[in-house]
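The form predicted on its own is given below as one chain in structure tokens.
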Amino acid sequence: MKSDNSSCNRNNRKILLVGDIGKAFLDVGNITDERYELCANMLDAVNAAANNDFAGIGIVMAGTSAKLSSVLKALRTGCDAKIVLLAQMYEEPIAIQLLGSICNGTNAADDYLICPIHPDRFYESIMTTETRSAGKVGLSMPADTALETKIKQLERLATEDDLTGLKNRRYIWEFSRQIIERAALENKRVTLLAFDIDNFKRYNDLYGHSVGDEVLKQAAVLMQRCCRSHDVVGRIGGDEFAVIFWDDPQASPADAPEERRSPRADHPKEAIFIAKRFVRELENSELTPLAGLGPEGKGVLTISGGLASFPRDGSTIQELFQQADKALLEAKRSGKNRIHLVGKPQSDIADID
């Protein structure tokens, strides 16, 4: 691998962009030859990274998700440049998975950004990090670090619920819209679970809002524990939650279940299984350390919910939420503590083997 101790030469190093840049950047006209080298082909990108001293590598994830693990492994073997994944919102769960995977003793990628972004911002973020890591620690480093931290905090506040740490309503809505568009193109399915906590007002009235907040946090933790890593869990307001179940984007075609090939069949079995598991987890959970609940805490946290699938029950996120909300209300009318499917004669998922 090449190294360069010259500050001037270091700042002149290019960034390698891999994939369809039109899907990642707001102004592709600002992507100049002086700053960037472009590779649409993954094999060419691996060769370019091995034979050049790039300041960083940006990989456009759109259209490459199934191949990314092997590409990142090859890039890590051939160079030590910072690798940043350029993701659409619906690809964020995949990016998080890849950041956590280990390749050659280090993370497969170093960071990810949600697109579209401006090329100047991307260039500056790479070069600022590169200059700081290559040079000596100076007075500017704490300020740079604080600025990057502040930017990430603001981005997180825009997409996360501050109480539970789940995704917020805005994120869930946009993520769902994007993932439905993708599913329509690729003949795949998306399932929405909308649920709320039964008798939640009682927790606030009897024990106070601080205990109510703890109930919401516990429900969030349990739901995340039950879901797969690529599913997305959000709080959409009050005690209302939503979960987006979708096909594993990194699974090979050979791993795809037979039911996935028939998108208008019944609801995906994985979503029903996870929803059932969540109900069991709630029933078996002890609500300690929720101060004040005492012996009544065990087994009293229940939910009512509705499951709706694309394209079976709706072709847009608005239609899916409408259908799931109808099923949720039916679950409430039927006695609560249950999850109903859209369009089933026997709607309660507890009746499905």
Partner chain sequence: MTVSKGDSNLSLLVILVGALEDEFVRQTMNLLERLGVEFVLCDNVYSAVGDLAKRESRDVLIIGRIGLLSKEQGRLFHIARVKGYRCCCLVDRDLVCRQKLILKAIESGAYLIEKPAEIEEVLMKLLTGGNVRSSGEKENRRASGFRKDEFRTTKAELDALLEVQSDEKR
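Residue numbers count along the first chain shown, from 1. If you superpose the two forms and keep the largest set of C-alpha atoms that fall within 1.5 Å, you have the rigid core. Note that this is a predicted model, so its numbers are computed, not measured.
The next section is about a form of this same protein that is not shown, the form predicted in complex with the partner chain.
- Among A183, V221, A74, M89, which has any heavy atom within 4.5 Å of the partner chain in the model of the complex? Contact check passes for A74.
- Query: Can you pick the one in T32, Q318, S70, N284 that has a heavy atom within 4.5 Å of the partner chain in the model of the complex?
  - Reply: Only one option qualifies, and that one is S70.
- Query: Counting only heavy atoms and a 4.5 Å cutoff, which of 24-32, 304-312, 45-53, 319-327 contacts the partner chain in the model of the complex?
  - Reply: Result for this chain: 45-53.
- Message: Core superposed first: is there a CA shift of 2 Å or greater at S315 between this form and the one not shown?
- Response: Where the cores coincide, S315 shows only a C-alpha shift between this form and the one not shown that is less than 2 Å.
- Any CA movement of 2 Å or more for A324 between this form and the one not shown, core superposed? A324 C-alpha, core-superposed: shift of less than 2 Å.
- Query: Core aligned, does the CA of A74 move at least 2 Å between this form and the one not shown?
  - Reply: A74: C-alpha displaced by 2 Å or more between this form and the one not shown.
- Message: Please check whether, in the model of the complex, the CA atoms of S229 and L75 lie closer or farther apart than here, given a change of 3 Å or more.
- Response: Compared with the shown chain, S229-L75 is farther in the model of the complex.
- Query: Shorter or longer C-alpha distance for S229 and K73 in the model of the complex, given it differs from this form by 3 Å or more?
  - Reply: Relative to the shown form, the pair is farther apart.
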